[in-house]
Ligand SMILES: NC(=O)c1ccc[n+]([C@@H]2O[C@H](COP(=O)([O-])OP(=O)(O)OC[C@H]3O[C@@H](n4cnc5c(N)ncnc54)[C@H](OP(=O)(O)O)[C@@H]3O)[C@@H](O)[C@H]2O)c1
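First comes one chain, alone, set out as structure tokens in the form predicted on its own.
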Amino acid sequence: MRIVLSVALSSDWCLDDCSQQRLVISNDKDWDEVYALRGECDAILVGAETLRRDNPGLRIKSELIRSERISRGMSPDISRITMTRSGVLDPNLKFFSPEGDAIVFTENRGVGGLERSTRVICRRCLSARCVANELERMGCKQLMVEGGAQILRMFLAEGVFDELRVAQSPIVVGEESAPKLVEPWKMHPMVLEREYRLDDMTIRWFRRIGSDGRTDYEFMNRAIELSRRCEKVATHYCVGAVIVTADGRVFEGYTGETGEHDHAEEAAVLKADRTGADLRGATIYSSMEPCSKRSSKPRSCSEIIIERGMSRVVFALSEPTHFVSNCQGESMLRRAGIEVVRMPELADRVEDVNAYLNN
């Protein structure tokens, strides 16, 4: 799942001032871009305090954006998500409007009344990772997180995001007790990818980076490039894989590289084994979902990943139904407690590499 954090700040890093009225930071062009970004997402998440104070509708109002969503096979309405430890929310809030899905994550099992207008999910200890995993299991592919400060800090601190969009206004709040967002890169390493102006506002896009300074996108792009080295035969997909160990060592492989029946993940694992590398806690990037069942060998790639103690799996394309009707790799990995990250925005490139199987 792709997770984008979006925040508008004053020049002194304030999200709001201390008045009873909401401080308007964004200009019209910034709002237009934010609305367009919402249109690309399956769900939007804001904290309960934002709902109580601002009562946002969080709806897709543009008929053009709604029609574009329908043409892409999406619901015209974005799913609305909130997190509240107490579960205390006014059921008359715009959040609970009948259009689209509304989901409340809470720690309070005694919540009453909200179930009539929304779905309530109770967890013992709420966290960004907990919510992200649950939404991904529900089929969410792209999530936009808009705040407020506590929610943004939670996702940043846990490193549960792919991109951060910061829209900074020249206005100065100048109030010491105003809610602020500390410089995000002090909470989690990231790289500035692009910067531009929208009238008087400066827009900056950051991407989260790994422990060695490279991003998930860079490693996934490398895996896709490796997949192009595969021999294109009718008996297997062309897949590339990259393993990054907990101590920063990198091992690469692609389907058929180390043996006729070796999958990309196996090739990378074999190279790591030859050096005696410890794969516990490693991240593996595979251009396609690791297999859950195969006829050529007794163990699937998902089983190997679980047995070797890897902690994170990133892939771009869910396994198509060409060889297996219902791949369970992702669900197997999640049940084993492994973090799974999908990058559907790169899936088209993987499909292109394997287009020969459709001929």
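It should be emphasised that the depicted structure is a prediction, and the values quoted were computed from it without experimental measurement. A residue's number is simply how far along the shown sequence it sits, counting from 1.
The protein also exists as the form predicted together with the named molecule; that form is not presented, and the subsequent description refers to it.
S.K.: Give a yes or no on whether every one of E136, E218 and E252 sits within 4.5 angstroms of the named molecule in the predicted complex by heavy atom.
M.R.: Heavy-atom distance to the named molecule in the predicted complex: none of the three under 4.5 Å.
S.K.: Sort through E319, E40, E68, E49 and report the residue having a heavy atom within 4.5 Å of the named molecule in the predicted complex.
M.R.: Answer to the contact question: E49.
S.K.: Check each of A336, L15, A347, V340 and return the one that places a heavy atom within 4.5 angstroms of the named molecule in the predicted complex.
M.R.: Answer to the contact question: L15.
S.K.: From the candidate stretches 228-236, 68-76, 139-147, 278-286, select the single one in contact with the named molecule in the predicted complex, where contact means a heavy atom within 4.5 Å.
M.R.: That would be 139-147.
S.K.: Using 4.5 Å between non-hydrogen atoms, is R85 touching the named molecule in the predicted complex?
M.R.: So R85 counts as contacting the named molecule.
S.K.: If we define contact as a non-hydrogen atom of the residue within 4.5 angstroms of the partner, is P179 a contact of the named molecule in the predicted complex?
M.R.: Looking in the predicted complex, residue contacts with the named molecule include P179, since a heavy atom lies within 4.5 Å.
S.K.: Taking the named molecule as it sits in the predicted complex, is R299 in contact with it (heavy atom to heavy atom, 4.5 Å or less)?
M.R.: Looking in the predicted complex, residue contacts with the named molecule do not include R299, since no heavy atom lies within 4.5 Å.
S.K.: Does E260 reach the named molecule in the predicted complex, with heavy atoms at most 4.5 Å apart?
M.R.: Taking the distances in the predicted complex, the answer for E260 is no, it never comes within 4.5 Å of the named molecule.
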